[in-house]
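Before any questions on how it binds or moves, here is one chain, the form predicted on its own, in structure tokens.
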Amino acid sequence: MSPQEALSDLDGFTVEVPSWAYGNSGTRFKVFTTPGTPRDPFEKIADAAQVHALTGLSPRVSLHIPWDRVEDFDGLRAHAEELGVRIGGINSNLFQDDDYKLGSLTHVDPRVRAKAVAHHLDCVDVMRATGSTDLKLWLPDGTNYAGQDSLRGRQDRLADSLREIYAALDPGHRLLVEYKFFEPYFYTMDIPDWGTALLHCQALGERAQVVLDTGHHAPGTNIEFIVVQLLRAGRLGAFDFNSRFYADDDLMVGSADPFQLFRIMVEIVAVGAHRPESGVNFMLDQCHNIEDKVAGQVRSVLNVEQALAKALLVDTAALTAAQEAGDVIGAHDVLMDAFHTDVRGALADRREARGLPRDPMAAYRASGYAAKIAAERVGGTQAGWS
């Protein structure tokens, strides 16, 4: 297969972008403000549409409830469609309410659990209004001290809560369950790993699937191995891209370890999971604390596209032959040859053929968009982590 034929398999690949990436963010020490930051979900979607217009890669925008609550979700949906994008997954929020200090879906108090379940039923209503098909649940519940609560009891309560949420979904909906090995709690998280998430999903049904976030693992974790296992089980529902040096840093994908991103995409490509029909939803889940937010999203989706393009260039016949011959170095060299291939020119050619800018980053800088929104978005309250 020629490189041109291999790269044609990029057709249809897209990366969902998160609404919260365009709001103010920072660390637990400081949230930084910037001129032109969106003040409402409509302006967030306008920024996301700019990313798609430049790259052709990001036609969907995830919403976070209640951060993105509006009075008229039908109007928000129409606004997105007018700008050439649509609403993607709906993300719930269980980490900013005083009632959830000791847990939400796992809380010992039935009243608190019912409140957390009701929030997800509200999110399902948002899905119906916006045309979304995915409800994404990241559970921040956990404990800080041994003996603080019954670990078994928390799992039982979680299973009960998830059953209520799953039962409320429409036939075309999915429940996507995310895991994270630590933070905000440190002794144990109630969904700390892919195995726990998978067990809960298997107990619920086929439309419950696992979300893998690249920042949610212990240092040194072989993430591509987890990708393989979830794909084998048919339960990789979504893949959230970001990059980290230490923990859940939420930096631009591919900025810390582009070779890891490539290795992951090799396993994705091996079973065709990059194609839309696979059902795997690829998304950015990162925050831009010190960099321009729109530019950060543009760079991120381009990084993912480059990693996928390199994975598509792996000579699979040569790789299989080397593996079957026990040629350790030869097999590794096949991967390295693809990884070191400069695909930027070929991807620029593809963009140009589709009527997109050859260099989306340069086009963004030349567009004056950042200055435009800084001048227009004056007054009101900038969106952020609240």
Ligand code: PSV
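The numbering used is simple: start at 1 and walk along the sequence shown. Predicted, not measured: the structure shown is a model, and the values here were computed from it.
Only in words, not in the display: the form predicted together with the ligand, which the text now covers.
The listed set 181, 138, 185, 100 contains one residue whose heavy atoms approach the ligand in the model of the complex to within 4.5 Å, identified as 138. Checked against the ligand in the model of the complex, the candidates 291, 248, 267, 193 yield a single residue with a heavy atom inside 4.5 Å, and that residue is 248. When contacts are judged by a 4.5 Å heavy atom cut-off, residue 91 counts as touching the ligand in the model of the complex. Mapping the unseen interface onto this chain, residue 240 counts among the residues with a heavy atom inside 4.5 Å of the ligand in the model of the complex. The closest non-hydrogen atom of residue 351 lies beyond 4.5 Å of the ligand in the model of the complex. Contact check for residue 213: a heavy atom falls within 4.5 Å of the ligand in the model of the complex. Checking 153 to 161, 256 to 264, 74 to 82, 130 to 138 against the ligand in the model of the complex, the stretch whose residues place heavy atoms within 4.5 Å of it is 130 to 138. Using a 4.5 Å cut-off on any heavy atom, none of the residues of 27 to 43 reaches the ligand in the model of the complex.
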